[in-house]
Ligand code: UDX
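A lone chain, given as structure tokens: the form predicted on its own.
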């Protein structure tokens, strides 16, 4: 099939490459000429494992190309809208300007029978409005939310754990004839994963829009729950890691996302739960999501507490102390520094008088642009040279595998704050280190 992808940022670039890998002829469109130039050369403009190989393979096949000209989508049957929905400045609500612009641009190029599949994360009610906007063109809107995990995005697109279609429905909640035809086209697009048994949920617009924000809100709540337990553990001398192991054996709870530490960040969870709260307020049901305010608050408190731990191991003051921060990305296997807990903590410590050096395997460039006043180093050993305290802030595999004996050779004081609860406390203490972590005695 001929497919277009509107917006070639993180979501769109991965989706375009994956659709081409599934055998479709794909054109990706973005207004950023530099980004399009990089993608056209098979270069990913951000770090994502497996994406450079996917782009190189599909570009060489002739099935994938990128352009800044929206007119080149003419002749495509399915159009995926993958533009961003950032948080509005000084508000919790989502900024839909990029989505609106994309849909307005599509109107001149879509044909009767085409399918426009919205993948951007939007407040519930947006699809209904956009569907009405498209109606005069004869194209049909389907809401097809994405569930990508940074670091696993290629795998998640080629082999998703579920597919969701939000179709236009009549007053009885039954898909319209146009909706049924649109479903058939999307089934062709996703024929390979569907043949592998990937579950398909077919629903209405409202439910499809809620799926993504509900999932992200649940995950954020689970993370903040264990971080709230970490606060209690610190007050009582309990061990939050052992606590998480114990409750995680309950199949109703599960162990995933029960890792206490610096908390969540990135371009999705923080802004999505805030936009969810804002939309609930607009709908008059803000009390239903009032708990998300505490989820957000717990998450931000962990950053402050991490600075407190660094201060404690520095005998009560970080003024003039040298601090090595291992990690700048909000999570490993990514160069994304949006709302990064690691950089937030690094900046707080610098503002409080510490001399902070940050390192990261992939995110130094992005971190320097976001926080130019911080000092950066290429390696963990370079960052830790002469340090009074080392903070593990992003759980990259190479930091988890650090040798405490080797690191001890370059620091001034053997003190480490494990902001992600991923190191072996016994091993570090045997090597003579003062070891502290969130929620552990």
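Positions refer to the first chain, counted from 1. Just so you know, these numbers come straight off a predicted model, no measurement behind them.
Below, we refer to the form predicted in complex with this ligand, which is not included among the displayed structures.
Candidate site formed by 233, 423 and 436: none of these residues places a non-hydrogen atom within 4.5 angstroms of this ligand in the model of the complex. Comparing 275-283, 172-180, 328-336, 348-356 against this ligand in the model of the complex, the single stretch with non-hydrogen atoms within 4.5 angstroms of it is 328-336. For the options 98, 257, 92, 225, the one in contact with this ligand in the model of the complex, meaning a heavy atom within 4.5 Å, is 257. Think of it this way: in the model of the complex, this ligand has a heavy atom of just one of 130, 148, 307, 295 within 4.5 Å, and the residue is 148. The closest heavy atom approach of residue 212 to this ligand in the model of the complex falls within 4.5 Å. Looking at residue 219, you'd find a heavy atom of it within 4.5 angstroms of this ligand in the model of the complex.
This ligand is not shown here, but in the model of the complex it comes within 4.5 Å of a heavy atom of residue 268.
This ligand in the model of the complex is not approached by residue 118, whose heavy atoms all lie more than 4.5 angstroms from it.
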